[in-house]
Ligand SMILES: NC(=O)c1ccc[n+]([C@@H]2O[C@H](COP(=O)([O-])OP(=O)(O)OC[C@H]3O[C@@H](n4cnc5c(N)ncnc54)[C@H](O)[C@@H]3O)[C@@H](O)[C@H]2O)c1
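Take a look at this single chain in C-alpha cells; it is the form predicted alone.
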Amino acid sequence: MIGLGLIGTGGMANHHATQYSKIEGVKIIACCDVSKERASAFAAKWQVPRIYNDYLEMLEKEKLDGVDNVTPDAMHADISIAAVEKGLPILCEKPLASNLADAERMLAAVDRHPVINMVNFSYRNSSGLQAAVEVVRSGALGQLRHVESSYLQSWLASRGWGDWRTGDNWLWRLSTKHGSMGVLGDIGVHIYDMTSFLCGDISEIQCTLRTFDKGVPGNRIGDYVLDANESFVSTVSFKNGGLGTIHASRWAVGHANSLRARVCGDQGAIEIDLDRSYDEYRICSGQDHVDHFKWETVKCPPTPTNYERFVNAIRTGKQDPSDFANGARIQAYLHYSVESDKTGQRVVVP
C-alpha cells in the first residue's frame, strides 16, 4: 500500500482525496492543518486515522511513502523542502511557490536530495492536451511559427460563480495585501504551463498587466484594497523560434472557465480547447488539408491523472516531467512578466 500524508485540508484537499480514492492500493494515512476543526472534519470524511497540527511532527512520526502539499502558495516552499529533506516524494499544488526565489530554493532542495517531485498543474489531466503535446513534439506541424493561447473567465462581470462584492472569500484573488498575484498568479500560471508544455521553453516576454475600476466604494472590501491585476497580455518568443501571445482575464464576458491554445507550424496547426472537450484536439496537417483549410477532430483515449502519475512515480522511481524544474520555469515566467510590466520593456528569461 502507498501511504500518503496530506498537508492542508481546505477545499482543494477534498478533490485530491477523491482522486486518491480511485487508485487501488493508495490511502491517506495522516493529514495536517493549522485548524484542528478543519483537519478533524477532513479526517472524518475520508477516514484518515491520524491528525496533526504541525507538519514537522507529522513528517517526523509517520512512515509515509509520499506527501501531498495542498497548502496556500506562501507555505509551499517550507513544507515541500521539509518533506524533500526527509527523503519523501512530494506533490505540490500549483504554483510551485509564491515567488521565484522560493521556487529556486525548492529546486535546489530536490537537486540536493533527489526524490520524486511534482507540481499539480491540473490541466495536464486532459488527455486531449497530453496527445496534442505528442503531436507537436513529433514534428508533424513542422517548425513552430505562431501561437495564440488564452485563459478566460468573467466572474468580475458575472454572478455565475457568486457575487465577489458580498464576501471576503474572493480577497485572495483580488488584493495583493491578501497575498494575491492577481489573474497572473491564479490562472496565468496555468496558461503559461499549458503553452510551454505544447510549444517548449519561452525565451523572451513582454507583458502588460491591468487592474480596472470595479465600481465598489474606495476600491476595497474591508481593509483590503482590490489592487491585484485582472487582465494580462504577453507577447512571447520561444526558444525554438516561434512567436506567440498569451493572455488571461477575469473580464471575458461569456466565458466561465475557458482555456484554448492554437499552435501553428509551417506544415500544420493544432488546437486544444478545454472549454469544449478534455479528450480531443483539432488538427490541420498534411498538404491537402493545409491547402484546403481542412480540420480534423481527434478523440483521445484516457491518460493517467496527475495523482495517478504521482503514485506511479513513487512505485517505479521514474520522475514525471511535471516536476519542480518545470514549476520553477513557470514561476520565472510569472516573475519576468511582472518585471516587463514594471519597465515597459521586453525581458529575456534566463
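By rigid core we mean the largest C-alpha set that fits within 1.5 Å across both forms. Start at 1 with the first residue shown and count on from there. The shown structure was predicted, so the numbers you read here are calculated from the model rather than taken from an experiment.
The next section is about a form of this same protein that is not shown, the form predicted in complex with this ligand.
With a 4.5 Å cutoff on heavy atoms, G218 does not count as touching this ligand in the model of the complex; it lies far away. The closest non-hydrogen atom of M12 lies within 4.5 Å of this ligand in the model of the complex.
For the chain shown alone, D33 is a contact residue for this ligand in the model of the complex, at least one non-hydrogen atom being within 4.5 angstroms. This ligand in the model of the complex comes within 4.5 Å of a heavy atom belonging to I7. The three residues P72, H76 and W172 all sit with a heavy atom within 4.5 Å of this ligand in the model of the complex.
The contact residue chosen from D186, D193, E280, E230 relative to this ligand in the model of the complex is D186, the criterion being a non-hydrogen atom within 4.5 angstroms. None of S158, T245, T211, S122 but one reaches within 4.5 angstroms of this ligand in the model of the complex through a heavy atom, and that residue is S122.
Exactly one of the stretches 230 to 238, 94 to 102, 202 to 210, 130 to 138 approaches this ligand in the model of the complex with heavy atoms within 4.5 Å, and it is 94 to 102. Once both forms are overlaid on the rigid core, the distance between the two CA positions of G179 between the shown form and the other one is 2 angstroms or more. Here F197 does not count as shifted, since its C-alpha moves by less than 2 Å between the shown form and the other one after the core is aligned. Remark: with the core as the superposition reference, the CA shift of Y123 between the shown form and the other one stays below 2 Å.
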